[in-house]
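Only one chain is shown below, in structure tokens, and it's the form predicted alone.
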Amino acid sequence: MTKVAFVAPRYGPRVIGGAEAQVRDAARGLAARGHEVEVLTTCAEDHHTWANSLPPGVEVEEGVTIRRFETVPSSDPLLWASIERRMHAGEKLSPSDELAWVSGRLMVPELYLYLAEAASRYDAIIYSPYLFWTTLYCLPLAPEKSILIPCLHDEDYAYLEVVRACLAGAAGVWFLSEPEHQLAHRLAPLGSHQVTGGGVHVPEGYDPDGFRERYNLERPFVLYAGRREGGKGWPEAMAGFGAALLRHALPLDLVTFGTGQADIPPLLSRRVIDLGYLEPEEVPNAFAAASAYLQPSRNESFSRTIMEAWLAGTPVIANSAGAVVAWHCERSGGGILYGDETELGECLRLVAEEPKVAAGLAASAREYVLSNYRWPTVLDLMEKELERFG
């Protein structure tokens, strides 16, 4: 058995995010299989402020040792914002600009110093996701035992030279999907790598009727779960839903839960329902109660939420610009894709007017998830890859 460290910018039961959920489940899964697992992370839960909301130190949770280190804010946030604007404008950044940008949101110097001294005590060090200081600064400390789970998106950040160096320099790279794997090949020369896929847990049962009753959901609804922010397509999803209501007089609501401000426009206040944070035991019931799950994000490397929808027997409506989600929908047959606001309206109209047809899409998709993305399957692949580090 191996001694493994996961390095992640955030970790904990109240941390919302696909990459963070994958790290937490993988850490707990490997620990349950007898590996010695530690998580090296920050005291932050909020990925906007990076405030130190949790105490530093060491704790043990479900067999995993968690070491938390305090974040240090940027000394020059205006410089970071300026570099961010230049990057999105297509300007080529200098190496010093790239490093200033990486350090501009958070730094965790105590974590870096700990790893510099302790790296030799681990057989493998697994970093995820690619975008943060905790990966881009720390992975080069011991590249020969570093594994990167990048959670790549086709976005401006992925084309930085510092990202290319991490992809090329890691001893192993684990991808969550084939489109993510192909994107990485376009970005950097890769050494040893594997598509492990992502993992999801299969609920023992669902209570859709009870969920609707508990939250007073009287109309059929489509669901959005996760981070309510521009990078995940939430504002566009609300706008498209509102346009569809006007165009088709849909008898559907849009229900959402997760983190971030939903910022529901006044005109939609009676048709977009924000449930805020849901306790984990209620999440499967939300997916089962929905008439469809709406995935507007272009930036996905796996999309855990569409898997949760399909396990619950719920079809997916997804943005065709998201290569990974489109790939899953085409392989599984469990989703319908839209390219613009008009097409989104037609997808919603199908769900409203032909609910049996829509629900039928998810029938084969549940088997797709069970065959490919249950945690035992993914952990088997991870353990096989870890053998060469033990």
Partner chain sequence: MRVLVVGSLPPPISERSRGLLAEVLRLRAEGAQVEILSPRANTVAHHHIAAPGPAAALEIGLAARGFDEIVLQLEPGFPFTASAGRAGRAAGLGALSTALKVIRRPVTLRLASVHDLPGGPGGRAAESLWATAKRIEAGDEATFEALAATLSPAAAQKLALAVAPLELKAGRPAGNLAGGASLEDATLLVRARAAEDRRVIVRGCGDPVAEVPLGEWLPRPGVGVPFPAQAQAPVRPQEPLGRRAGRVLVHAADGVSLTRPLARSVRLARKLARRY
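Just so it is clear, the structure is predicted and the values come from calculations on it, not from any experiment. Numbering follows the first chain given and starts at 1.
Beyond what is shown, the protein has a form predicted in complex with the partner chain; the following relates to that form.
- Contact annotation for the candidate site: H248, L268 and I273 all lie away from the partner chain in the model of the complex (no heavy atom within 4.5 Å).
- Taking the partner from the other structure, the partner chain in the model of the complex has a heavy atom within 4.5 Å of a heavy atom of S96.
- The partner chain in the model of the complex is not approached by E155, whose heavy atoms all lie more than 4.5 angstroms from it.
- The partner chain is not shown here, and in the model of the complex it never comes within 4.5 Å of any heavy atom of R214.
- Put simply, I147 is far from the partner chain in the model of the complex: not one heavy atom of it is within 4.5 Å.
- The contact residue chosen from P220, P140, P203, P208 relative to the partner chain in the model of the complex is P140, the criterion being a non-hydrogen atom within 4.5 angstroms.
- With the partner omitted from this view, the residue of E178, E161, E236, D123 that lies near the partner chain in the model of the complex is E161 [heavy atom within 4.5 Å].
- Judged by heavy atoms within 4.5 Å of the partner chain in the model of the complex, the contact stretch among the candidates 190-198, 252-260, 293-301, 310-318 is 190-198.
- Residues of 103-127 placing a heavy atom within 4.5 Å of the partner chain in the model of the complex, in sequence order: S103, M107, P109, E110, Y112, L113, Y114, A116, E117.
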